[in-house]
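A single chain, nothing else alongside it, follows as structure tokens in the form predicted on its own.
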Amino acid sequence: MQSFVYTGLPARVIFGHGTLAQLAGEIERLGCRRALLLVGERLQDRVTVAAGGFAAGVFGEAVMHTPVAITERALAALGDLRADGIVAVGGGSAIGLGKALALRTDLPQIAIPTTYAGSEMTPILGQTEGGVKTTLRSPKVLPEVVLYDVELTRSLPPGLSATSGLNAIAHAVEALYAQDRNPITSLMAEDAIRALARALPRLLADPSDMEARSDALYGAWLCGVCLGAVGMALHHKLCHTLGGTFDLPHAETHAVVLPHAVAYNAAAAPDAMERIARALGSDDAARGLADLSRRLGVPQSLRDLGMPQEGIARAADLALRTPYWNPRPLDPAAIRDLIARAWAGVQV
């Protein structure tokens, strides 16, 4: 066994059906009396009732890629309401905003994910300003409590379930060939991919299948733990660059890029590829991911997401300026080709 370092991140995780009912108790347990609820209109009433007398008010303007301008508006609301805690309910947009507020205020936060983004389990925050997305790691952004309520995923449309699930799988995939990978995260990553690959097709076939929804949320939790425990590589760098630069939808961008990034790294990370393929029930990791993506009916090209063709060279240049560690060295021509293939939707 090779030497390794594993750092377990502190978080209280509550997983099950109907766990939203525990929200008021969890706010009180953190010592808070006035929590700002970051929640969209669809769930506002339900979450406000669950928070009871601990709800100070609602801010519902979270958007993708956590623009700094939105964070500043939320900070103003936080101050006006004299809030002493944060509750973020939703997908990566709401949870990202909660993290951005925690970074600036150090207030305790509770995350209640309704998609499979996995951000709630990581000390990672991505923020966008001036058309450029940057990421940072800080324990200050890690939620103190994460409530997983399978019932809250009932209204997640099948298409969003698919793209959100593939986004989660990307976290586990890169954990398997991360520079600081270790046997613990590798076990979690393989099981996460297996759980999601099993659950997502069932969800599309029958959105009312609550066992499949539970499996998918469990897999997403594991994917988030993996992302929080080890570093990221080429796939995440490309998606952060593409999303922040061209304002592309976050989960869909991950779904499109993932098979191409895995194909790029395949020869440099054979053990990871074997684990990915095994979890997918495939004989090839990249093709297995592409097959799952097509089976789920998600977009297959960056062109379909609204990226201009003339942005390919710019995206490659930006991704190479401050690259993440990657198992295969980054070749500028090969990276441009990878993005071009993803833009056109060429099959791996």
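None of the values given here were measured: they were computed from a predicted structure. Just count from 1 along the sequence shown to find any residue number.
The form predicted in complex with a small molecule exists for this protein as well; it is not shown, and the discussion that follows is about that form.
- Taking Leu125, Ala199, Leu222, Ala178 one by one, only a single residue has any non-hydrogen atom within 4.5 Å of the small molecule in the predicted complex, and it is Leu125.
- Of the candidates Arg314, Arg42, Arg33, Arg29, Arg42 is the one whose heavy atoms come within 4.5 Å of the small molecule in the predicted complex; the others do not.
- Leu204 falls outside the set of residues with a heavy atom inside 4.5 Å of the small molecule in the predicted complex.
- Contact annotation: Thr153 falls within 4.5 Å of the small molecule in the predicted complex, judged by heavy atom distances.
- Heavy atoms of Ser93 reach within 4.5 Å of the small molecule in the predicted complex, making it an interface residue.
- In the predicted complex, the small molecule sits within 4.5 Å of a heavy atom of Thr115.
- The candidate spot formed by Pro139, Leu142 and His235 is out of contact with the small molecule in the predicted complex: none of the three has a heavy atom within 4.5 Å.
- Listed stretches are 282-290, 60-68, 318-326, 299-307; the contact stretch with the small molecule in the predicted complex is 60-68, by a heavy atom cutoff of 4.5 Å.
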